[in-house]
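Structure 1 and structure 2 below are two forms of the same protein chain, each written out on its own as structure tokens.
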Structure 1
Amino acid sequence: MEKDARPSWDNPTQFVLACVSYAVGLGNVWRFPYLCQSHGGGGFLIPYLLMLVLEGVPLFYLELAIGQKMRSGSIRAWSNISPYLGGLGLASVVTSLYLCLYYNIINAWSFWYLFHSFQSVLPWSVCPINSNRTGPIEECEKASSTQYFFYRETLNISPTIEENGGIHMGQALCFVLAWLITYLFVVRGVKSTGKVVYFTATFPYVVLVIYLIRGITLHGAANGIKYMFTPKMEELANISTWINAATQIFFSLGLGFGSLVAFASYNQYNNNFERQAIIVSFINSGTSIFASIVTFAIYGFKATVNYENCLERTRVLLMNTFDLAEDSISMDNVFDWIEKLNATHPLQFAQIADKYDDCNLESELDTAVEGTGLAFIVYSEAIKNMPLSQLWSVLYFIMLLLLGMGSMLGNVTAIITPLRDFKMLSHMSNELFNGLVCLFCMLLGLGFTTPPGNYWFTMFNDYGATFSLLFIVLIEVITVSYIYGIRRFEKDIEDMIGHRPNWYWKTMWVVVSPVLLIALFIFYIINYTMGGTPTYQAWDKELGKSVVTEYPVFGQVFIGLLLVSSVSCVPLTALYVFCRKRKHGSRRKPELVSMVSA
């Protein structure tokens, strides 16, 4: 293969920014803060950073080495190592395809919220009036204005996954817009992507810094930041804390999708990817921690506002019930008055006991929310209470868009690059081929804009990638360390960067990372098989909240297909290669191709 025949990044900075733009995504903003909140605040940083060193950086390094040496996408790269391993690259493509189908719907929601931010009153800050104009719509009154806007106005969600409906036209247009911009980002392959990443990789940090400055000046922000950095060390004894730290590192870096292999394949042959692997990995984790500080400042503000509103409602209730003077009760002495009135007027107090809320700031801070609930409901609720709320809303949803679009660059590249390596597709122009891939994903993804679309989104998000990525990366590291051979891999790296990897890298690849991945893989299987019937959160408009609901039979079958479809590419491809060789009368065992010779 000609080393210079392949397009390449204009400079190493473009490659680093592409990796940062891909790796630093929505999970850094809406998943990591949730894990910190759920697993002991600052104490979670201990297993998280440990897993970064033991698992994240070594596997990131390994995928970059494979891509840069082979200078091809995931399918050809693993096929060149062994014909039997072509299915490993195919499994990565299938997994990335699943991700592409549903990931852009998040960007569509961000567009929807962004467009609605240019109003004098944010539409999720108040409940709409009912048709009789006698009060708020009942569903909104039972839930909240932010929940109503997300579930009813944005999603127009159905009660269950079984109830179908037409496409939400507003969402569909936002979805098409998201795919149109994605296409423009990748239209000329690495040449256009290399220009875009200067913006998608850097501007979110500008917004985060602005939000940090604004966040720490908000009333009650200190409560949230203090909560984050107060470690609950007992959580370190919880096995799920370590498992969640490992899986967060694994998915946050984007391992196993084939995106890193694809990006690295456009590097110059002697590019120092070792240094870049370390830089990108720590930028990614540093961003998670930085975003968490911003998020917990917002959490503190929201929790403090809710807590003080609760105290105010209790204060008004006590004054009205016991006919007290206006200035007799303040928010500072509400609890003293509750204790006093309960002791002096027990019967009268008992009558209102079920009418006042138990106001507790710690409980407000303990309420953990992740995913779309954090990004589109909790943040929206906090933003509506800020001065100049429209400005902060626009900035926030632009940031979400850039994080999502940056990740989409890697997701689409993971599909395009391996397919372009096939001779029958290599003659098509970039504009046509990339457009066809984007159009295909967009048409299949329109189903996520229907009323039950959010339930299908949840299904793909929960089951479309986790199992297959663990399997893919486990096979990758075992192949390199034990089948291809760590010594040959060392020589390949030396051929590229001028020196062999030190003892740390080799220990991680040969022992530590495989053991961790096997443990995660086993835990996932046990957790899935012992967890009973898979469930999802269905929106009940009568109650104004989500309720746990079991997937119907067709949903469970589809989950099984999601779990098996990508993983089965590995054994099926190996079986195909074996049968083809037998058919052609070749009894010679296929050799592993040295990446140096490749």
Structure 2
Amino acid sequence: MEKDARPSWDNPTQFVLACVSYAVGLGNVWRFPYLCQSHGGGGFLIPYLLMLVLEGVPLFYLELAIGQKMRSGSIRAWSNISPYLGGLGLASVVTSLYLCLYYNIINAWSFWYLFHSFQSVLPWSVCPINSNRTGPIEECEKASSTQYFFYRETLNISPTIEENGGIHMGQALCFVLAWLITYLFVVRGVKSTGKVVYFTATFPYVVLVIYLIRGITLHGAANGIKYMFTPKMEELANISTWINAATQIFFSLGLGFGSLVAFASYNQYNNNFERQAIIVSFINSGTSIFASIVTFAIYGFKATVNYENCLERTRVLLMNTFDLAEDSISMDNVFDWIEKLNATHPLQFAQIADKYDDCNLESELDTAVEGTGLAFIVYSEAIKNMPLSQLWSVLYFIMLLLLGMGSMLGNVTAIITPLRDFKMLSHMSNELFNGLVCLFCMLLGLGFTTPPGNYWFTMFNDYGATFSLLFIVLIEVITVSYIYGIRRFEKDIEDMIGHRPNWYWKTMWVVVSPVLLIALFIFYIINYTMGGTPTYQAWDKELGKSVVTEYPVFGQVFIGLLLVSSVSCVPLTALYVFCRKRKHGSRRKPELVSMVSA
């Protein structure tokens, strides 16, 4: 005789914070600054904000409405909308499963770096010494100490995706810890998640503000900020700028995974989600812009430090080669001296020409890095140059952890909620079921801690969710607008919040968003088919840098599987339901007759 009532958030704030915690994730910190930089700095904000208004907020609103109305996870919610489209929910669950598998590895890396920050000398700031104690290890010298620490000591990466090896024990321990914490946060379902999000949603902002103050006061930060905000308007003419803006809004808000449907299903029926949708979307975008200011301040600092180190190296090289007095060349007149010496001693100068690298501040700023590279290599390089680097390192990785954990909450909830709607699984206790899901994901995810694990991670990251999400959200919006009917949808919303959605929402749902999504979808397919063999960046030990390598055959097959497996759920389920209905239909008629006759 247990309470069968659906668990719910303690108050609407918990729901908003949960959505914020889920949406504001690692992508805001590392993907948006990269896009901003590679697509013309301040000018990128125009397509970004436009896409937010045209596609981001309406689709967010749509998913919240579905979840709150149907009060169940994505599978049952979409089955209720149209029986043939239960596969949509299933596709969401499969995509969320893929995401859960690989996303926690990032948290494991954050833990690894966090734990290694508690040392007097940060391990990525110096190269370790080789076995005969004559100098640093060769791989470290060719690359940099931060790259060496990431690729060799953290990942122990293999030269290609084909080679295999044992599990990296330190990584595996951190990974297990990440999953244990995830389990701790979701063990009681919404009750535990609701309390955790107060912290995971708000503390990252505290750290971001601290970092903003630290970042702006760094030497050379102004270079970075100036670089980011000088708009290069010609980039707006490039179609890929708009495509990237649309995709970024899309993934940043976490549409299509089913997490938003799941979160909204725990709401009170009359919760005013319209306002909340607008608030969360704008908080998400605002955080992206805020985080990119911080990132670029730090970027500028790192570029300036590298530039000055380069100047110093050149100065010492010139002094030593031409035996000039120590204070004759200073940092300011290095270039003048280069010209002078080139003119007076051309032969000697030619001899050192290969040792002398060009120092250019612009090119340092131009080295755009995104994804895990930015977070773990570039940022840790910047941190090692700051005074009190241990403190900044700890703060930064705690922030990364909170952002990642907050997103994981949404990912795991997106799997748990729909599955609990099934009768056979709902009898299991919350704790047991959530534990089983976490255990399953953890065991599968251990594969990412092997030497080629990072390459598999990149594969999942690039192909596991992108295509299927576009497809899912496109079908979602077409279903709601045309199959379910916009009028019925309007009535449902009026039932919940008391007023109908105005013309803006309706236009977006019926016309603008589907058109945009179809365009994105087609572009993605064209890009994929025309792009040739998919490639990845393999770390070359000898050269000390990444080289572009093609995926082997089994890799390409796996990519195809990833793309197809979640998308195919929709047509397959529709087919299955269709067949079942036909069977039931042929059985029902005789029953009716018997009842009537009785």
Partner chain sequence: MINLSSEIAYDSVWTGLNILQSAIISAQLRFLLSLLLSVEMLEKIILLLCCSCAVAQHLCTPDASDGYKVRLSIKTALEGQAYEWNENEMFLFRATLAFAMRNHIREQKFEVSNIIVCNETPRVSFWFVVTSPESTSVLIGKEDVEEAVRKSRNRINSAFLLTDKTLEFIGILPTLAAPVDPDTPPWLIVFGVVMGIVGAGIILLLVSSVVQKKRKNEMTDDEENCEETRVKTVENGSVGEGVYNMSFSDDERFTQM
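Numbers given to residues start at 1 and step along the sequence of structure 1. None of the values given here were measured: they were computed from a predicted structure. C-alpha atoms forming the largest set that superposes within 1.5 Å between two forms make up the rigid core.
Only one of structures 1 and 2 is the form predicted in complex with its partner chain; identify it.
Structure 2.
Comparing between structures 1 and 2 on the rigid core, is the C-alpha shift at S429 2 Å or larger?
S429 C-alpha, core-superposed: shift of less than 2 Å.
For V394, does the CA position differ by 2 Å or more between structures 1 and 2 when the superposition is done on the rigid core?
No, V394 moves less than 2 Å.
Does D327 count as moved between structures 1 and 2, where moved means a C-alpha shift of 2 angstroms or more after fitting the rigid core?
Yes; that C-alpha moves by at least 2 Å between structures 1 and 2.
Could you state, for a rigid core superposition, the Cα shift of L318 between structures 1 and 2 in Å?
Looking at the C-alpha of L318 between structures 1 and 2, the offset is 2.8 Å.
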